[in-house]
Each structure stands twice: as C-alpha cells, then as structure tokens.
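There is one chain below, alone, in structure tokens, taken in the form predicted alone.
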Amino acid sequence: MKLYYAPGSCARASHIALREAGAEFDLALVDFTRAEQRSEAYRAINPKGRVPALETDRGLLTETPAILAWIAQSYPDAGLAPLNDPFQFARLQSFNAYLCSTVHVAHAHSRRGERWADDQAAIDEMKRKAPEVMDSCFRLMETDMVTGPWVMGEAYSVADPYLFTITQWLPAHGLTSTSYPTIHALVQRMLERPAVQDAISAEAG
C-alpha cells in the first residue's frame, strides 16, 4: 500500500490509523508548498487533487471517512471500530462524516475561500467567520458528541486520530483545545500513543 499525504493535513488521521492497525505501507509526500496536489502527475493518481489517497491492491481509495472505515474493517484484530455492532459503527461513521463535511469545511473557509467565491470581499468574510464556526463545531462535539475518554467512549477507534488531527488546526483560528476539556484530554492521550508519535516523526522527515 501507499499513502499519499501532506504533513499536518487530514491525511494524518489515516497515517495514524494505518500504524495503529500494524499495516505495511509506504508514504508518498505530496508537497503542497509546490502545489504538487494540482500537478498532472498527482492528478493522474487522484483526479480530486487532494490528500489523503490510499493505493491498495484493489485500487485507490480517497476521502478520510472511507479510508478509516476500510482500515478498521481490513484489520479487525486491531479493534479500531465496533464492527460487530451496526448501530455503533454507524455512530462512528456519523462522527467522522461530521468532521469531514462540516468541521473540515469550516476550517477550509479560512484558507481556501477561492473554492466557494471569486469576490475578495466574500473570501475575506469567510475567513473572518471561520473561527466562530470552528468554535461552534468544537463546542457541539465537546458537549454532545465526544463521550470520553475516547470519541466512542471507553474504546479507542479510528474517530480518535481524525479528531486529533483536526484539533491540531485550532491555533490557525486563534483557538486552543483547552477550551474544550474532554477533547483536550483526548488529545493529550493521543500524544502518548506510539503510533501518533511515529506518524508525526515520519511526517517531519
């Protein structure tokens, strides 16, 4: 397998999950500083021009929730999802979908406003509003979605590296995880995990 990633991007969630699963894989850097995600070479691999992208023996997978679910299902012995409980697995998917479709998009409004608007005033307004929206998302997760000590309760799952990864983006909005005690405690536990340490080290080069 090969995971296409950019350091600190949402691909880190898949990177951590692969290490937690004990999977054998290679890392392929997509250098955003050189706009390699928009290059013809990378678009030939992933036409979306985004990371993560995971090459498997059955083809390419994209979108973080899909990759995380695939990892959990492909390595069941790692215990990364409640695979034997359809309702709990759906709850896990619901949480990851929220991170993907709402929280990540709120973050992107501050950095990628040109995806949604051409008018500079509109782009500036999205950037101004983004911290407020991010705070609202995290307060909702803190009070109604993250049960603690992990996202799904007592059991660690692929939702945890995903939340951990997105939480690392809070400082870009002038926010800090300490404002959300349950999530902050989860982040501290994540930082103690060897898979997380190894992933961060590998991405640092």
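Keep in mind that what you see is a predicted model, and the values were worked out from it rather than measured. From 1 onward, residues are counted along the sequence shown.
FYI, the form predicted together with a small molecule isn't displayed, but the following is about it.
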| item | value |
| --- | --- |
| Residue among Y180, Y156, W70, W169 with a heavy atom within 4.5 Å of the small molecule in the model of the complex | W169 |
| Non-hydrogen atom within 4.5 Å of the small molecule in the model of the complex for each of R38, E63 and R115 | yes |
| Stretch in contact, per heavy atom within 4.5 angstroms of the small molecule in the model of the complex, of 42 to 50, 146 to 154, 171 to 179, 133 to 141 | 42 to 50 |
| The small molecule contact in the model of the complex: C10, any heavy atom under 4.5 Å | yes |
| C100, heavy atom within 4.5 angstroms of the small molecule in the model of the complex | yes |
| 4.5 angstroms heavy atom contact with the small molecule in the model of the complex for H109 | no |
| Non-hydrogen atom contact H104 with the small molecule in the model of the complex at 4.5 angstroms | yes |
